[in-house]
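First come two forms of one protein chain, each written alone as structure tokens, so that there is a structure 1 and a structure 2.
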Structure 1
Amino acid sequence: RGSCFLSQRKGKYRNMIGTKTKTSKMNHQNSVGLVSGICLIVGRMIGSGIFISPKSVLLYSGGVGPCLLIWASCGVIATLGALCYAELGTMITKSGGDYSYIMEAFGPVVAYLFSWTTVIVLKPSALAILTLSLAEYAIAPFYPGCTPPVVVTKCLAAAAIMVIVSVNCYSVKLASYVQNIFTAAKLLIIIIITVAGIVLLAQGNTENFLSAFEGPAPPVGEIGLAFYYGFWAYDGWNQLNFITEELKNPFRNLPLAIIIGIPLVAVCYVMVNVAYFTVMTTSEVLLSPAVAVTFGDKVLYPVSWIVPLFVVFSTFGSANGSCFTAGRISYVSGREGHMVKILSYISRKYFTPSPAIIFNGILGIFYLMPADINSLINYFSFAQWMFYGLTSLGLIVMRFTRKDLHRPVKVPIVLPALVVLVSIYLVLAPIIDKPEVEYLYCAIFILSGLLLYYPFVHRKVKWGRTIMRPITIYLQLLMEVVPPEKSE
């Protein structure tokens, strides 16, 4: 399992950097096989969510049976969504994922807003949140029964960001090793929980499943909310699109990896939930602050400490992976001139996109500072779904505007339509559930990107360049970074 990531990552970054060796240009095309692709999907999608909060799904679905059904259906819908991305990925073989598709379908302004929101808010805040939950899990054992002081969590989160940034700046290879080790840890704990659950089932702990579908059906609105929380655990379905170019035989392997990988994740999720229910009643799951930890305490004692430890590993891995992709998005938008050019530069010595990684890390640390960042960032989560929906809408649009494009994988048009509908729902559900003025602020922030777009990207005002030029020169010399060689 370990090697499948490494080879893929190396290839990916060679492609991205391009300057490393002449040979890399020749071999990057075929570096990711089917197994690696599946590994990538599984490794990226499984974050810390399944260990911490499967209870939101349970709370709104109202019972063990509906809860498991929702986990499975979320997996099906995520697979369909990913298949739409498979069509896009094989049709437009440019790097940059959503960014390139939105650019192709809706033009540069929308694509700019995508990169603006992603680079400035979504990616760094994801890093901040992941490291915060990492810190919370690492510190919790020292503060049994109460909330640790804020300063401790934030200090540790900041330290984690600095370590992750350093590792990613130092070496692509090291970063991939880190990623591989932590993904393996993540899968290991999933396997431990699943196996423990199967053993318990075999021993006859089935009482919580006997009346799985009894009880009143929950209201439609609540089922919707259950789906909303379920989908969060499946976020990251489109990861494979970032490496379309590096896939071996992408026309076969991309859809195949999706069809195998995402249902595999869904099976993992359902099995983990089944394991939880073998030892916990619904009320216990709802009462538990961290379900996997409760499971560990009940089943794995005296080695129950491995669960929080592995959750920390898993979050670290996710944070590392998030840092990894953040570099790529900055790089693409920097190349298109939608972000300052320096973000697309590559370290001369280490062949890493260090400016983008450091920029992401600095913003991440900045986002750690305010008192209650979690809530504010949650408001931005609707933006993520908005862009997923937009990308799928782009697929439909291009069916009409870009009939000429070669589509090696072609999905029925109902699939993107379904994803668009789901996305619209997921954007609106939390807003309708709890309408708050903060959503408006977020929308205003996203649109305010246009204030920068008009003068600097569209009009390309001269004084903008006059200011940036000396800064770029200085940073280039300071950080020893150079523009990448264009690989196309």
Structure 2
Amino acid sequence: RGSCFLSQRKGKYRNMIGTKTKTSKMNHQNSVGLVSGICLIVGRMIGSGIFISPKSVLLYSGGVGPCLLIWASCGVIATLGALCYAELGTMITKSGGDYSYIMEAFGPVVAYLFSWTTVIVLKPSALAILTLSLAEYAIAPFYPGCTPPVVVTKCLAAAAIMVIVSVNCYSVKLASYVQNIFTAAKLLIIIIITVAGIVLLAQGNTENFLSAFEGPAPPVGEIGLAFYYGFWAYDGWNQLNFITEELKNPFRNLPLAIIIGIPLVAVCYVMVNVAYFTVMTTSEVLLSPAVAVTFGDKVLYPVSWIVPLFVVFSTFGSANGSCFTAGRISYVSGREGHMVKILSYISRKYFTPSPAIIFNGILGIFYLMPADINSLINYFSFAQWMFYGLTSLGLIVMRFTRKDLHRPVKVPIVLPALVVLVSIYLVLAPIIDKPEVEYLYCAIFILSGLLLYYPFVHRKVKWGRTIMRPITIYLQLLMEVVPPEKSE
């Protein structure tokens, strides 16, 4: 009976491959339009940070005026960096974002180290921290006056990951609709906070702005740290580049979504901070565990409960955006042979890279288990900026090595040079300010990827393929996925 069942399954596998080659192209569908692209950028960038912890920028900037200037400056620099990515995305129209650009500029070894670090650590741990934040705010009303049990919080976070993974595996359009809805929700609460702030300003609540630039100037090192935390809040400005192959008319929609989306986020961040300072002194902001909740208690009572509710919506949307793009990195790196092949396969029924999305979700749940995931994020954040700098440097390099490539969008070369300088500073600033051995461990982990690259990618040892082939076949049967067609 078992052998008969297996024969039937293998027959189904052969039929599946036959269907793929004869009747349809098993590739991503171009189903993400301009509005969905803007919502993906805005939804991924605006997470829980602007509602919970803008105090880090205030702490290191030294005052209300410098704080607002740093928020605005971070938005300008993020926009300039994203314009560099617009040139890259319209020049190299492959999904995978930085991975595809680093591959083109510096070759497979550096691209592999990027995919190794991003797929195994950066993306799944970011998903874990976002869902933990979601769970903490969702469960807090059920435990008034006390801290919720850690086990309950982590179980809810794991459930959120499973819901997000299921949505993204089922349909690209559904994931886009979810992103659009939750982006609208977070923009709604930002509008509510902003309008409340404008009303309070009109009523004369301007005490904190009259002396906005008074006081001693902070040290250069502290200003750098303020920028570091500001850029952390803007992280996600390159998310649309990860799904270039799924964009409708990417030559138009990619740069347009960037030009609209990122300045919109910058305006939101500045206006929300202005609103905070209309009712809260700098001391109150620094002492508040969640600034937006404190603002809601002061201004929106008796409906202040909408603030933590919308923080949950905001964080869910950000986690959905993270999962949406993370699966594409695994998919593209698997397609190039830098990850196991099964990660490059596409659902025969739903046209989504479901193995890559599920893999990211499993790792995300795994990262929920440690006691302190925040330290992991902090120590690996320097690696993220190192790869941003490498990608921008790649744009400069390809101006000279790949002059043959068509560039529908072409930015002044000074822009990628500026992003490279900012990236170098943000890589070195936390290490110089507070050197710790954990940064060395992170560097060792990144370089340890070469131990897998040499035998399995460069040499392509036969015994590795012998082991993986039956595993790939059975996973393919289980998930009903097929290889994508190679781009011509």
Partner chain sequence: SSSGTHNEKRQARMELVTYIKNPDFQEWDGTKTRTQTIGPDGNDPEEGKPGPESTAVQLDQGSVIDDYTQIKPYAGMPKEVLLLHSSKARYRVPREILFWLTVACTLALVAVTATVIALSPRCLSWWQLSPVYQVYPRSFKDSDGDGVGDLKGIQEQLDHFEFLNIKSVWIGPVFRSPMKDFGYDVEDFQDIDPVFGSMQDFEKLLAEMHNLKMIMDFIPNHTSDKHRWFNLSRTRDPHYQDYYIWADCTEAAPRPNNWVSVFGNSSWTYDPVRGQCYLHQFLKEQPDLNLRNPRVRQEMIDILRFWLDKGVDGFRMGGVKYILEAAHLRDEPQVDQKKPPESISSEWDLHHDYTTSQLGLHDLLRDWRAEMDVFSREPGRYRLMVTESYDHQEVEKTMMYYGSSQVKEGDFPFNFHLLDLPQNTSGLWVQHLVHLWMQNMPQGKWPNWVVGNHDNPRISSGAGGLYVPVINMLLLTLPGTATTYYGEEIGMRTLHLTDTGSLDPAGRYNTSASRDPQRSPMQWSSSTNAGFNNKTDLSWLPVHPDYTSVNVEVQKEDEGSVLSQYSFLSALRQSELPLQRGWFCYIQADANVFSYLRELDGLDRAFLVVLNFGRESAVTDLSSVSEIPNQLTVLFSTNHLHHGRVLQKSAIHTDPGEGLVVRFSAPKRFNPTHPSQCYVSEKACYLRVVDILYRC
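A quick note: this is a predicted structure, and the numbers were derived from the prediction, not measured. FYI, numbering is relative to structure 1, first residue = 1. Each form is matched to the other, and the largest set of C-alpha atoms that superpose within 1.5 Å is called the rigid core.
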| query | finding |
| --- | --- |
| Chain form predicted together with the partner chain, by structure number | 1 |
| Core superposition between structures 1 and 2, C-alpha change of Ile190 at least 2 Å | no |
| Rigid core superposed: Val409 CA moves 2 Å or more between structures 1 and 2 | yes |
| Cα displacement of Gly261 between structures 1 and 2 reaching 2 Å, rigid core superposed | yes |
| Rigid-core-superposed Cα shift at Val172 between structures 1 and 2, Å | 2.4 |
